[in-house]
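Below you will find one chain, with nothing else, as structure tokens; this is the form predicted alone, and questions on how it binds or moves follow later.
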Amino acid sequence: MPGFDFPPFALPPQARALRGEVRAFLKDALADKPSVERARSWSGGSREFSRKLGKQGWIGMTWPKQYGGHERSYAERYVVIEELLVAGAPVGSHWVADRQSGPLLLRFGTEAQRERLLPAIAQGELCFCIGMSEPGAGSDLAAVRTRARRVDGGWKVSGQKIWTSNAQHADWMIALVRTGDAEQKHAGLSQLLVDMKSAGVTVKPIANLTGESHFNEVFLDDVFVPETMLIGAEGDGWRQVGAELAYERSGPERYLSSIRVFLEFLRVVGASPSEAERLLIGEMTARMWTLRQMSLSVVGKLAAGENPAVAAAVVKDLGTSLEQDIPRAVQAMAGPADDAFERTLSYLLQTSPSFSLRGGTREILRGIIARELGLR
């Protein structure tokens, strides 16, 4: 029976050396940022902060220099991402573009698309959103109904996307659309770059329990997309989406989304925790350490040019379980505390249910894993 392979991957010296530089930058850049805002992490965005990060050379780190990248290692990028998440930096304005849209364009995009968009992403100037999920086709992406029909000079796109993170702030959407017959299923899908300022694009934010709106509905009503904005080959969208989701599922953001409340818990407990508190701290630390080693292993596979899609699915499934367990466990354990702790805990208790939905539901991930094990 097939199994999973997570070979150890040690951070090289240059990656370890970078960590102190990033911490010093973040200590200054986030000096006045309260804990509850840090808890938003990669869901919170700041164009100004993204531009500062771009000037540091910490966006598009692994990309070729000819496209505005810095040709640094996956390990160095991992260190930067890890430090940003632990510090609670507002990275949402460039997050999707750096993590998956840029790499997708590097692999499948045209030279003109790369030259136009990648340098601006690396400078922290562009925000991207991903138009995959639809009403009735959230987990079954092959059932998307948003259609692109050919017109003179390009396409006219009509349909609806949902759960589209940061669409209300985005400059561009990479949209999965149907360009072939419905009967073609996977073979009839393509990806298009949609300018979010185009006529016919309407964004309606979806408020969550905290009153914030990270998710959105996006309505596309005869939106014109030039022929030059087709990514890769027509009909190749399904293969492209598979590669894109592998970028999305493997990073430390899949086990560090609740780190802020854990750090607040450690602060409140102090140097003399009770026995029950010690046990909780030990359990959560052990799970986090294990997931970090697994996530680093995926980095090693990416650095070796492999496609670790299944390993990434395992990391995301286990990681989001941890992210959801931490706020509930802390709530059950903690007594009365100060305002910073209470507000941070309240925020993550309300937002953590979504962690197992974004980037592929738990059921979908376990289906991928089961298929790899030969169980379906």
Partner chain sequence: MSELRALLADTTERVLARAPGWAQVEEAGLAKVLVPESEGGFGGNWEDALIVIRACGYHAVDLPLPEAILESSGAKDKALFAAMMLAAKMAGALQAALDLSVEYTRQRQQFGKPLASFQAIQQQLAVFAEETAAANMAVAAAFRAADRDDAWFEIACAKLRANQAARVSTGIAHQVHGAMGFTAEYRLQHLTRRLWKWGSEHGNERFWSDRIGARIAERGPENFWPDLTE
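Residue numbers count along the first chain shown, from 1. Because the structure is predicted, anything quoted here is derived from the model rather than measured.
What comes next is about the form predicted in complex with the partner chain, which does not appear here.
Asker: All three of R19, I281 and M294 touching the partner chain in the model of the complex at 4.5 Å, heavy atom to heavy atom?
Answerer: Yes: each residue has a heavy atom within 4.5 Å of the partner.
Asker: Just one of 45-53, 66-74, 317-325, 24-32 has residues with a heavy atom within 4.5 Å of the partner chain in the model of the complex, so point it out.
Answerer: Looking at the partner contacts, the answer comes out as 317-325.
Asker: Applying a 4.5 Å heavy atom distance criterion, does G270 contact the partner chain in the model of the complex?
Answerer: Yes, G270 sits close enough to the partner chain in the model of the complex that at least one of its heavy atoms falls within 4.5 Å.
Asker: Just checking whether L193 would be counted as a contact of the partner chain in the model of the complex - the rule being heavy atoms within 4.5 angstroms.
Answerer: L193 lies outside the contact set for the partner chain.
Asker: Considering only heavy atoms, tell me if F128 and the partner chain come within 4.5 Å of each other in the model of the complex.
Answerer: F128: no, not in contact with the partner chain in the model of the complex.
Asker: Is E83 close enough to the partner chain in the model of the complex to count, meaning some heavy atom within 4.5 Å?
Answerer: E83: yes, in contact with the partner chain in the model of the complex.
Asker: Heavy atom within 4.5 Å of the partner chain in the model of the complex: which residues of 254-273 meet that condition, in order?
Answerer: Y255, L256, I259, F262, L263, L266, R267, G270, A271, P273, in sequence order.
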